[in-house]
Structure formats: C-alpha cells, structure tokens
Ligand SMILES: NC(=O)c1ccc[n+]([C@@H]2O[C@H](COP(=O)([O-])OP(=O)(O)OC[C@H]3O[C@@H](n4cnc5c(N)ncnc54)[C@H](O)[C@@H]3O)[C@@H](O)[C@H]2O)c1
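Single chain ahead, by itself, as structure tokens, in the form predicted on its own.
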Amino acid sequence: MKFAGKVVVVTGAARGLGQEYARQFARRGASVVVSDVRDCAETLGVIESEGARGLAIKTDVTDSQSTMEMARAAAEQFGGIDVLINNAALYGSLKFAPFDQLDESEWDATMNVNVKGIWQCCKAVLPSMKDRGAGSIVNISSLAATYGMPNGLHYTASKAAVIGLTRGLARELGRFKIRVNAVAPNVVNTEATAEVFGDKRERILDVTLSQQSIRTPLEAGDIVGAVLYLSSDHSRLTTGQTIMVDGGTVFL
C-alpha cells in the first residue's frame, strides 16, 4: 500500500498511536499533516526522518474554527486532503468508576472530544475531499464499544457513538466517493494506557490477553495495517465498516 501523492491528516498525533499512524503514512510516501492540542514537533520530526513532507498544526477538535484552520492549512500547504484519520480522543486522562459515580463534567468532555470532535473534523475536510472527487475517513473506535467495558461508561458510550457516526456518514458521503470506516482496537500498550490503569496496568493487560483468541499483546504497530488498508485504494468499495483489531475478543 503506497500513498505517494496523497495528503493524510492525522489528529491526536503528538504521541502513541497517532504518531505511529503518521510515521507509517510518511514511510509510504504521503504528505502528512499532524494535529493535536499537544505539541506535535516530535511527530513532525519523525515524519521528516522518513523523508516525507509534513506539517504540524495545534488543533482543538471540539472547536469548529480550529478544525477549519487545520483543513485550510493542509489544503494550502499540500493542495488538498485525501485521507483523514480521526484519532484524537480523551482516554488517558479519564477517571474510571461505576457509572453512577462518574463526574458529569468529565462525561460531557468525553462526548465533546470523542464524538463531536470527529463530526467537526469531518465537516472541515469535506470541501477538500469533494474537490478531489474522493476521500477516505477512518475513525478510531474501541473494543469498549462492542464488548461493553464496565466502569468506563463515558468512554464506552462515546466509542459506540463513533460506530454509529461512521455508518451514518458512509451513507451520506458515498455519492461523493468518500468512504468512512472505523477501526476498533483492544487495549494497546501505549502511554495513554499506562495513564489510565497506573499500577494496575499489568493485571489489566493480563486479563485482556486471557480473553483474546490470539494471546499476543497489542502494540501500536498492530493497529496500523487496518488503518492503512481502509485509507488506501485497496478498500475502494469498503465503507461503513468497523474492523476489530482485538486479537479475536469480539466477533462482529
């Protein structure tokens, strides 16, 4: 799968999975726009070390002006947008607890970033993709959406909404040859996972592994193949789908 001549936007790209997506697109010849509320200088350096062109933009996905500026800068720098990876999400900073003990403000923030943020970014890139006559949007959901993760209802509900959003957008945007799909990973060994589980991390990873058909821990690189496939012309007639990358925990 090659992306020479393609322009890819990755949100939530300052670290972890987002940074790995950016690296792999750059390695395959894409021009990559990386955005985050955090500084993306490190990720930009990774892109450039792969010999690719890159652009780093500070973006708040919950703010329409910020997402529109992201899309404008990408189109101005590289001439358009072909692929959007909606990776930005609240996860590592969340407090997990029984549903009746969750903080209302944190619930609202989770929905604002994880659901509204995708909506905002899709709206922002739509004009450019329509001008291109095609495009691919890949939304990052989670195993939590289909498994029903306890003590994290705000995160679980937000990631379930991503699947519904993906299906609805696929119906709306198909006439423009814009495809919309989702990838739903299991727990991945990233900085955010370490932040969520703290000193319980190893025990949680062991329990997660015990429920997988293929009992190999997921690393950031394991998710990349599905994202690349859904972004590429190899999946030109695939839309509205959710691919589970979970070691065989849930079968759709």
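In this text the structure is predicted, and so the values were computed from the model without any measurement. Residue numbers run from 1 along the displayed sequence.
The same protein also exists as the form predicted together with the ligand; that form is not shown, yet it is the one meant from here on.
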Within 4.5 Å, heavy atoms only, one stretch in 179-187, 208-216, 47-55, 23-31 touches the ligand in the predicted complex. Which? 179-187
Only hit among 113, 163, 122, 173 for heavy atom within 4.5 Å of the ligand in the predicted complex is 113
Answer option from 137, 74, 129, 89, heavy atom within 4.5 Å of the ligand in the predicted complex: 89
Triple contact flag 12, 16 and 62 to the ligand in the predicted complex, non-hydrogen atom at 4.5 angstroms: yes
Is residue 37 close to the ligand in the predicted complex, meaning a heavy atom pair under 4.5 Å apart or at it? yes
Within 235-252, which residues come within 4.5 Å of the ligand in the predicted complex, counting heavy atoms only? none
